[in-house]
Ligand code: ARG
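Shown here is one chain on its own, the form predicted on its own, set out as structure tokens.
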């Protein structure tokens, strides 16, 4: 389909004087009007002519250029309708030829994307509150990989700060009461929570924690630093297991500690730009939003210690110096908007030429049934591994109790694919800025807007293709492309997939892929469900054409699900 769009743009450019790279083709409001539309309002302003007259003039000229495209002036719009036989052959042959590469391109070649995502604190398990950043960031990385960008996925681990002074103190005081080697994350969490409980009764513990962090930050290679190293190693070992279950990987895992020796130069870099000032012994940068002062960015506290923000500035400078990125995305929840407004505000006040390239890709919160709140200190949390375990268990129950899954040879493997895929897709099916409600019955349903529904549709297409190897037309049968007229809406949708990938990447909006797949599968199942649309057991050329459609749908669904990080079982 891209070849037709390219030909339309080139002809429009030739007869209108517009740059073909800037011409945007729209989808007509009504499908019967055509496949693409071009509004003539822009030309009307430039030429000072009615858009209806311009549309009629261009229709005659462009229609003479495009032999396989019908061009019609409809009011102020130029509408284009591709010959159905040519449309079917072009789209379905391209999908078959490119297969897993369909939807990919090289348009981002030579450009670098740095994507900061997940970024949990060490010494604590991943809980459901970490899911959204991890999943959304991983999708954005895959999308930009598919477009040829050089992507750098960064896990900016929280391994520094006063809390680690407290944890080091807790390990020293009570480390022998827990199983640090066997169940590291839960043991460390228990110590962290115990410290906060004891701190309420013993005020001296707070100062002990602060003193331990001062020692850690001083660079002294003593017992505190040794404990910190051990805690970090144990934590990363456990975190990697959960990431593997989600199919998530990183190019760089850098803790805040990585920037420990860069903090002074970072502060001096900001100070040298002339934007800092002292306030009650602390070093700050004052900021405004639309002419009104907002909370200043704090670089160093009055006691001389640095903050998370200081390390974020060090990370931003280092990333620019290392990668000279085209975009640097911070995939972090919307409740951190102020932090990033301060971070980017300081970069802009410093008049750094790359300040506008840093972006906060924020998202809504996840809520569970019953409105459960998550708090590490109080222990009210759902561990992410527990959520995934439960999803797999529930999927296995469905498989074991439903007759339609009776022939699955590997139910445990498929249950894992369905369960984890269901959790991932539920997180991605709505616009990222919206909150996500997690309801078990909805998430694991094989009907409606769910991951299992898409996976089942994919498996259904795989099943048709398997049967075709035994029952279908000979492999050398020429497809009757013209007979796919009744499926032209599906073929157009399949042909749009590369544009959807580009749009989702540009907007950093995974739900564009999710909603596209849901719409495709609804239309596909509706079309296939009609008796007159049988794929096998009909005239050989027609069967060959419909099999090409089934294959095209299977490929596109699989490619879309892979971008989302959802598995694609071939039997369900």
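Residue numbers count along the first chain shown, from 1. Note that this is a predicted model, so its numbers are computed, not measured.
The next section is about a form of this same protein that is not shown, the form predicted together with the ligand.
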{"property": "Residue (of 481, 102, 330, 77) lying close to the ligand in the predicted complex, criterion heavy atoms within 4.5 Å", "result": "330"}
{"property": "The ligand: the contacting residue among 416, 121, 493, 90 in the predicted complex [heavy atom, 4.5 Å]", "result": "121"}
{"property": "Proximity to the ligand in the predicted complex (heavy atom, within 4.5 Å), stretch among 435 to 443, 406 to 414, 308 to 316, 102 to 110", "result": "308 to 316"}
{"property": "Close approach of residue 463 to the ligand in the predicted complex, 4.5 Å, heavy atom", "result": "no"}
{"property": "Contact test in the predicted complex: residue 402 vs the ligand, heavy atoms, 4.5 Å", "result": "no"}
{"property": "Close approach of residue 156 to the ligand in the predicted complex, 4.5 Å, heavy atom", "result": "yes"}
{"property": "4.5 angstroms heavy atom contact with the ligand in the predicted complex for residue 336", "result": "yes"}
